[in-house]
Structure formats: C-alpha cells, structure tokens
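Quick heads-up: it's one chain on its own, the form predicted alone, in structure tokens.
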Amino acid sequence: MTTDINTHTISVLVDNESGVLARVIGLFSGRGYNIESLTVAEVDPAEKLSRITLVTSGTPMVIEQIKAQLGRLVPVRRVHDLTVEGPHVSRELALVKVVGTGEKRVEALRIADIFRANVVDSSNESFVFEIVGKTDKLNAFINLMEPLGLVDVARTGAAAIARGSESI
C-alpha cells in the first residue's frame, strides 16, 4: 500500500443553498483534512446549482475517504476528482502589489511582461499586477517579486474544469 501524499483537485456540484459551504468545510475540519484552495460559484441559476472546487492533499486512502464523505453530504449532487478522471484545465488569479522605485520598479515591469501579468493599478510608488495561470506560475511570479518590493498578495484559489465534451 502506498503512503505517497498527492495533491488533488476535486469538483463538487451542490445545491446552491444556505449552509452548504459550512457543511463541506466542517467535513474537512472535523477530520483534520486541509483545504489548500477553495472556490465557489453558482453555475446553473435555473437549477440553483453551485460548483465547489477544492484542492487538497493526502494519501490515496485519505483522498478516497474525502470523496466518499463529500458524496454522502445531503446537498451534494456529484463529486469528481479531476486529478484522476482525466485531463482538466485549472487556473488561478492573483493580485500582487509591489512597492518600489528606480531599477526595482523597471525590473518588476519587465518580469510582469515575461509572465503576461497586467498592471491594473499604478502610482509613483507601487504597482498592482493581475496574473492568471496555473498555481506554479503564480508562485514563481510571486517569488520573483519578493526582492523587488512585494507587499501584498490576494489569490482566488484554483478554478478547474474537465476537458472535452463531458460535464459535471
């Protein structure tokens, strides 16, 4: 039996009603599971359905327990482990504030251009960059901005969807 800890992106289709997110989070906190990233949005207003996309880590046995326990929650319609079910697209958005002048300011703009980050706010002392991509790309950009005057970061968490014609 393997004890490797892997990261999984899990997509959960739920009824869009009060308390659903609290129940999902309660399941994780009550069992000591960690949520590395969490996004929630309504995906079907007519059917009142929302998609919860969460990223978590664990051994294969822990991931299977998480999926089984999520599937037993009353407002949950479907649970998909996008990591094992086939190809999927996953993206995250970050707003990154960098304060600096002179060469550090020029270098921050140069790196932002390489990473295709957009300047969404600018002053004489600071920039706020918007960057979208895989989590690793965002982490690399943030790491490069640290010595240039990084002062604040806001991240959305991963949004993910399966590739191809299938739907959740």
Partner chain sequence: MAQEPMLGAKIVLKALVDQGVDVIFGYPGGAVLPIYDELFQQNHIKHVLVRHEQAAVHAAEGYARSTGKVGVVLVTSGPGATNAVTGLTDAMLDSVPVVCLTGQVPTHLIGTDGFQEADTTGITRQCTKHNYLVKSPNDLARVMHEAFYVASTGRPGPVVIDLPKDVLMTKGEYMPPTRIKHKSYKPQVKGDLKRIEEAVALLANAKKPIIYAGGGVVNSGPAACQLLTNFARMSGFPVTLTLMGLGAYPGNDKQFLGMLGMHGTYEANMAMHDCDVMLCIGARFDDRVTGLLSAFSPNSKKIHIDIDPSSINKNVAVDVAVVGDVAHVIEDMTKVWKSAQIRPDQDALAAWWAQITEWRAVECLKFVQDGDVIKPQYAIQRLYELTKDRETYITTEVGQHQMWAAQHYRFDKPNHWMTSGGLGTMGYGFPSAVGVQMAHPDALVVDISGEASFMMNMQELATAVQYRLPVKIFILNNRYMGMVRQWQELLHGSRYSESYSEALPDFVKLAEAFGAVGMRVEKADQLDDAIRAAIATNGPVLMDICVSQTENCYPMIPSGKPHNEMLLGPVADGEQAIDAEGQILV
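Small disclaimer: the values here were computed from a predicted structure and weren't measured. Positions refer to the first chain, counted from 1.
One more form of this protein exists, namely the form predicted in complex with the partner chain; it is left out here, but the text below deals with it.
Going by a heavy atom distance of 4.5 Å, is Leu93 a contact of the partner chain in the model of the complex? Judged by the heavy-atom cut-off of 4.5 Å, Leu93 is well away from the partner chain in the model of the complex.
Partner proximity in the model of the complex: Asp152 to the partner chain, non-hydrogen atom cutoff 4.5 Å: Close contact is absent here: in the model of the complex, Asp152 is far from the partner chain, nothing within 4.5 Å, heavy atoms only.
Can you tell me whether Lys97 touches the partner chain? I mean in the model of the complex, with a 4.5 angstroms heavy atom cut-off. Because no heavy atom of Lys97 falls inside 4.5 Å of the partner chain in the model of the complex, the answer is no.
Would Gly19 sit within 4.5 Å of the partner chain in the model of the complex, counting heavy atoms only? Yes, Gly19 sits close enough to the partner chain in the model of the complex that at least one of its heavy atoms falls within 4.5 Å.
Among 50-58, 98-106, 129-137, 65-73, the region lying within 4.5 Å of the partner chain in the model of the complex by heavy atom distance: That would be 65-73.
Listed residue (Val43, Ile35, Ile111, Leu27) with a non-hydrogen atom within 4.5 angstroms of the partner chain in the model of the complex: For this set of options, the contacting one is Leu27.
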